[in-house]
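Only one chain is shown below, in structure tokens, and it's the form predicted alone.
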């Protein structure tokens, strides 16, 4: 009987499976194929054009001996950690506030979500002006009488990555807020009524009841934020150009510079391979825990 059932299951939703073929081929050829191609040529001494002159792990040794690469990894770690924490925290707090049925909710929601519609280049340029000490926040505060006030993160190598972080949070937090608000509004109203009847404080309801029930929303938000973190490039280019010096370098800019400006494909491929490995280290354990747990029920 099982043999007769298998053909039926094979042809079930046949139209959907046929429609998915272009996407599957695209994923296999472009993403998987190009990833293996990049890894393969990262072990060569390719310069302007790819060439089969293998040098072993020399490109990786040169990569990890580069101070510029180490600074870019440190910046990405700081930017990534702070973005994850503050995006989720601020996004949830804003969603909780909007959930209180305040007046002009639609207006506030549109204002908070609007920055997400802007490109990273526009966002970077806007915050470059806002943080410019000659006509930005520093000048405005000093004109108010606080002559000793100093706020120039984009010109201070020690804190320049936090200036980039401010712009990134300004643009991306609105989307996280909307996701969180949708998750909160999707919770059964009977749960809220039961919490109020039991005398549970509002903040405890959010922390101990609402947040655990919003686990899928948090996972979706984490994936969106993580994708923005890994590919952060244009925001840095628009705001600082990697400066002062190399203080705000990030891995994506390092890869771009070596692939297209320095004409060193081997080094650029090695750096992009390390970025791929970093993503895999994060994604693979999470995917195993998430889907493996469901499979074994």
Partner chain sequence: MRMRSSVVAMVACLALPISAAQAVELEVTHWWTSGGEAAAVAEFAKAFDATGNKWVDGAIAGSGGVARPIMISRITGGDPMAATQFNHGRQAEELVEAGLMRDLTAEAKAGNWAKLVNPSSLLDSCTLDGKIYCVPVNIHSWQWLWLSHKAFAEAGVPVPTNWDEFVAAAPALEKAGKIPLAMGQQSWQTSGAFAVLMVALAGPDVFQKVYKDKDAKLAAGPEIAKVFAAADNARKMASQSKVQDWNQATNMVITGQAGGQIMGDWAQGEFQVAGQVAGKDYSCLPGLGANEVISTGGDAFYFPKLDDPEKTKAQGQLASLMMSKEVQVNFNLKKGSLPVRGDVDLNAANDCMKKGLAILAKGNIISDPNQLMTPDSLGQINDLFVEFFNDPSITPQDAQKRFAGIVSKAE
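Being a predicted model, the structure only gives us computed values, none of them experimental. Residue numbers count along the first chain shown, from 1.
From this point on, the text means the form predicted together with the partner chain, which you will not see here.
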{"item": "Location of the partner chain contact in the model of the complex, chosen stretch of 206 to 214, 139 to 147, 67 to 75, 168 to 176 [non-hydrogen atom, 4.5 Å]", "value": "67 to 75"}
{"item": "Non-hydrogen atom contact residue 152 with the partner chain in the model of the complex at 4.5 angstroms", "value": "yes"}
{"item": "Residue 157: touches the partner chain in the model of the complex, heavy atom cutoff 4.5 angstroms", "value": "yes"}
{"item": "Contact of residue 62 with the partner chain in the model of the complex (heavy atom, 4.5 Å)", "value": "yes"}
{"item": "4.5 Å heavy atom contact, residue 43 and the partner chain in the model of the complex", "value": "no"}
{"item": "Partner contacts for 243 to 273, taking the partner chain in the model of the complex and a 4.5 Å heavy atom cut-off", "value": "244, 245, 246, 256, 258, 260, 261, 262, 263, 264"}
